[in-house]
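Heads up, the chain below is alone and in the form predicted alone; it's given as structure tokens.
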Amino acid sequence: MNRALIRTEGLCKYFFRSSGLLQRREIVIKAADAVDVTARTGETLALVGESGSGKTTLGKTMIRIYKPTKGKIWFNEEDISSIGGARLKKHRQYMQMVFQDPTSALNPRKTVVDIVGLPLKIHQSSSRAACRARVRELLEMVELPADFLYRYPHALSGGQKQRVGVARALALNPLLIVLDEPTSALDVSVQAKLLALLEQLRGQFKLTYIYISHDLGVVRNISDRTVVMYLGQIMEAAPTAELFKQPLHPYTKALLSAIPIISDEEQDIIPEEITLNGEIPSPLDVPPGCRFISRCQEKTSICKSKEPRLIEIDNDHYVKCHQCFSSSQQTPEEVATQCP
């Protein structure tokens, strides 16, 4: 798991609107703003944060569902930031996505065999017989019976629909799958079974996952590394075990403190409860300085004027916070001089 399968450098995805007589474009939302992130071969990288933090936009931009506004994306050591046409189509078969809402992700007018077989028709021009045979194999992989081939989505439960989505993502033997909160719309018992299936498939096919979630309890159990996002930027990134053992950013601490505690072991790990005041600010009005300043309980004057830089402070442990350096020989003011 040392080789980078996909990585970004200064990746930005902005949404614009046109205004004025000349219809000049102005930036409305910086959904992902100067993000550097790496997913290594064979690992599960979790993207966590509250709704509106930019997790899904980042995931979609990384696999080129969205075209990046700025920055670079390397997939399998090839720059895919600005490619299009046949070159992008070639790479897309190796990068797939399982969406959050399984109902809206499946065409209600198509049968399972058509839904799962569509990638085969687009990328491999498979015959109907070959397509049907491959779909049978895929349904077996996701533990659905073959008689589901000709069912419509309305005849499936939520968990079954999501398994169909997973089967579709596996159709072209991808290297990377982005999982956008795949269990959030499911019952708890169904969630556990789907997560176990995803973990089994990852080992069986040597897949790399980018797992988008706000459920840190799940993230702790399935991810190798975790990236904490807030208002389009990374606040902290570390191996998952390290992040839960020693969170450094005030936002990470607040998120972890909200996890329900069900054992003495968790009591020793989870920080004391921290209540964040207010909601995440609108991406239409990003505060100056540190983006977390409006809700941070550890802020100082330097946080208002200087945006901190994401710095590696330990082995593979990165944090974007002035106050996290207070225990070192540098003061927050000295650290701020390193910031752009």
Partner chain sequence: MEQVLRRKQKGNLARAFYRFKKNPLSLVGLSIILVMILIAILAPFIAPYPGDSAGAVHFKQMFQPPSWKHPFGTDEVGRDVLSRVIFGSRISLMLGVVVLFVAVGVGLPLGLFAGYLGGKVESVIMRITDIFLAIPPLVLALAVTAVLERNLYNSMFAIAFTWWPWYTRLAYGETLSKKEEDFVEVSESLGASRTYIMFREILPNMTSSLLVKITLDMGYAILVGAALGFLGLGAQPPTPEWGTLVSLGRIHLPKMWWLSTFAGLAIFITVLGFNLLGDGLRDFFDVEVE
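Predicted model only: the values in this text are computed from it and were never measured. Numbering follows the first chain given and starts at 1.
Keep in mind the form predicted together with its partner chain is missing from the figure; the text below concerns it.
Participant: Wondering, does Lys206 line up within 4.5 Å of its partner chain in the model of the complex on heavy atoms?
Facilitator: Output for Lys206 is no: heavy atoms all beyond 4.5 Å of its partner chain.
Participant: Heavy atoms within 4.5 Å of its partner chain in the model of the complex: does Leu106 have any?
Facilitator: Leu106: contacts its partner chain in the model of the complex.
Participant: I'd like to check something about Lys30: if you look in the model of the complex, is any of its heavy atoms closer than or equal to 4.5 Å to a heavy atom of its partner chain?
Facilitator: Output for Lys30 is no: heavy atoms all beyond 4.5 Å of its partner chain.
Participant: Can you work out whether Arg87 and its partner chain are in contact in the model of the complex, taking contact to mean some heavy atom pair no more than 4.5 Å apart?
Facilitator: Residue-level check for Arg87: no, no contact with its partner chain.
Participant: Taking the partner as it appears in the model of the complex, which of 302 to 310, 65 to 73, 281 to 289, 36 to 44 has residues with heavy atoms within 4.5 Å of its partner chain?
Facilitator: Going by heavy atoms within 4.5 Å, the stretch is 65 to 73.
Participant: So, a 4.5 angstroms cut-off on heavy atom distances: do all three of Pro182, Arg225 and His317 pass it with respect to its partner chain in the model of the complex?
Facilitator: No, none of Pro182, Arg225 and His317 comes within 4.5 Å of its partner chain in the model of the complex.
Participant: Give, in sequence order, every residue of 121 to 145 that has a heavy atom within 4.5 Å of its partner chain in the model of the complex, or say none if there are no such residues.
Facilitator: Contacting residues: Lys121, Ile122, His123, Glu143, Leu144, Pro145.
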